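Just so you know, structure 1 and structure 2 below are the same protein chain in two forms, each on its own as C-alpha cells.
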Structure 1
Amino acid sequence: MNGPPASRWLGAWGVGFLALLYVPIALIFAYSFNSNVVNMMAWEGFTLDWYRSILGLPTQLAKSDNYVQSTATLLAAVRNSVVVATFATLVSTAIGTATALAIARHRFRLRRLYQGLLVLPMVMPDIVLGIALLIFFVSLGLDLGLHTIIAGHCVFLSSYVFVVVSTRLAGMATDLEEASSDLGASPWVTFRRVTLPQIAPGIAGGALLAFIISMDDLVITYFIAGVDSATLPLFIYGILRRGIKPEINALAMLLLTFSFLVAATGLWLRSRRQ
C-alpha cells in the first residue's frame, strides 16, 4: 500500500519523533554550560562552573551576589538517594526473584492471585500508593525517614523485578533443571548450579531497573519522606518549585548521564543470550 512517497513521509515522521524525544534534553545540556548567573535563558559564555560547583570544586560563582551555595544539601540528598536505592534494590531483588521462581516453577492454588497482586503496585497511580503508605506509617506511629522510604520502595520495586525475572524464566527451557533433578541433585543444588546461572542476567537487569526507578521516584517518596530524608528527586523538585536556578541544568545532565549508563548496561544484559 505504501509507495516511496509514503515511506518517505513515515521516515520524516520517525526522525521528528526521535527529535521530539531528545531536543528538550539537548537544551538542558546546552544551557548547563551557560555562564550567565542572573538570567540563565540568555547565553553569556561557556563555563564549567555549574559542574564544578556540584562536584565541590572551586568556582568563580562565589564572587556573584546572586549565587547561593547549596552543595551540602545536595550531597545529603544524593547520599539519601543512594542509601535508599541500595537497600530497596537488594531487598526487592531477593523478593521479586523468589516470587518469580515460585510462580514459574510451582503450581499452586493462589497462583493467579499472587500474579495479579504483584502487578498491582506497578499499575496503580503513584499518588494512591504514596498516601496509603503515609496513612499507614502515621497510624503505626512511625517517624517518617529513610526506613519508611525503603519499605515503600520495596513494594513497587519487587513488582518490577518480578516481571523482569519472570520474563527470563518464561523464555528458559526446563529440561536442564529436570535432568539435574533426575540425576539426583537436590532442589537447592539444582537451583544454585543450573537455574541461577541461567537467570542471572535477568536478575541483574531487574536489579538495575529497580535501582534506577528507586533513584527516580518522586511521588511516593514525597509522601513518606521525613524532614531530613529528602532524596535527590525531592531536592530537585523543591528547587524547581521555588524558581529555576542554573545549577539545575548541570545537575540534571549528571543525573541523566548516570541513568543512561545504568539503563544501557541493563538493556545490554537483557539482550545478551536471549
Structure 2
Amino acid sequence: MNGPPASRWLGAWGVGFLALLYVPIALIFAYSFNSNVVNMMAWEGFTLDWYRSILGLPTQLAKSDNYVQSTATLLAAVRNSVVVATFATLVSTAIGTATALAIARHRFRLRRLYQGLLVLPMVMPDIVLGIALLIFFVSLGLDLGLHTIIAGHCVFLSSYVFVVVSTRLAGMATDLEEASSDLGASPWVTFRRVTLPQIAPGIAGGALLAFIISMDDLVITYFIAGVDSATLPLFIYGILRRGIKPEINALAMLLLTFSFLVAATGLWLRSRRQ
C-alpha cells in the first residue's frame, strides 16, 4: 500500500470525497446569484435580488411564484428557531455540564451504563427519537408547540454538551482542586474559582454546538412541532416541496454562513488552552 499506485488511488479518493462534499455547496452559492427566474440551472446574469427579497428589500426582478411568501412569515420562523435554540441551549448546557462533572469526579455503581445512556441520543436515528418524543408528548396530553420542541431538543443536545465538557475534563488535572480543598475552600468556591475557569472554553464550545444543532434540526422538530410553531428548517422544507427556486438558494446560503460562523466559534473555544 506504500507504492505510487496506492498513493494515487488514495489521493483520487480524497479529491472525489471533497468534491462530493463541497461542489453541491458551491453550486448553491453560485445559483443564489442567478437572475434567471424561470430556470435556475441556466445562468442568465448576476443579481443580489434574491437576497434582497428574503430581507424584504426592493428588488428589480419578480419573485418566482412568490415562494418566499412574505418577509413576516420568514421572520416568524427565524424568531421561533432562535427562541427554541436559546432556551434549549441554556437547559442542555446546564444538564450536560453538571452530568459531565458528576461522572468525571465521582465513582458510583452503573457509572459506565449511565455514561452510555447519555451518549445514546447522539447515535439513535433522528426519526426514531422524533417518533418516540411525539408518542411521549401525546401520551401526556400536551399540545405540540414551542415548549415541546424545546423539551425534545434538550433530550439530545444534553448529550453533545456532555461529550464536549467531558473531553475538557479528561485533559484537566485535579491538583488545583485538591489544593483548594486542602486550603479550606468549600466545594462551591473550588468549583467557581478553580474548576469553572478551566472548563469554561469547553462549556462555551458545547453551548455553541448545541445552539447550531438546534437551529439546523429538521427531522425531530418535524414530529414535535405544533401548527403555529414552524422553525426555519421546517419553513425551508415546506417551500422546497414546491421546487427549488433562487430564493431558497439564497436562504440556504445565509443559514449555512450563520451555522459555519457559530460552529467555528464553538470549535475554537473548545480547543483553547488555559
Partner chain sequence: MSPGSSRRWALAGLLTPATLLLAGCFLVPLGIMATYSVLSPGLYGGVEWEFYPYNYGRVLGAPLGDVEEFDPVYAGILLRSLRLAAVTVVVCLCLCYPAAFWVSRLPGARKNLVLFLVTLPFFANLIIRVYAWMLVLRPTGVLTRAFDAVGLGAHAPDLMFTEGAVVIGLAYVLLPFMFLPLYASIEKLDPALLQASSDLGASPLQGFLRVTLPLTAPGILGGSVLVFIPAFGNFVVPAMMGGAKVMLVGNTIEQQFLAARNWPFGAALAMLVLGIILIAMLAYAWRFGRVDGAVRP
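Computed from a predicted structure; not experimentally measured. Just so we're on the same page, residue numbers count up from 1 along structure 1's sequence. Just so we're on the same page, rigid core means the largest C-alpha set that superposes within 1.5 Å between forms.
S.K.: Only one of structures 1 and 2 is the form predicted alone; identify it.
M.R.: The chain shown second - structure 2 - is the form that fits the description.
S.K.: For Ile25, is the C-alpha shift between structures 1 and 2 2 Å or more after core superposition?
M.R.: No.
S.K.: Return yes or no for Ala252: a CA shift of at least 2 Å between structures 1 and 2, with the rigid core superposed?
M.R.: No.
S.K.: Having superposed the rigid core, state how many Å the Cα of Gly14 shifts between structures 1 and 2.
M.R.: Comparing between structures 1 and 2 after core fitting, Gly14 shifts 3.4 Å at its C-alpha.
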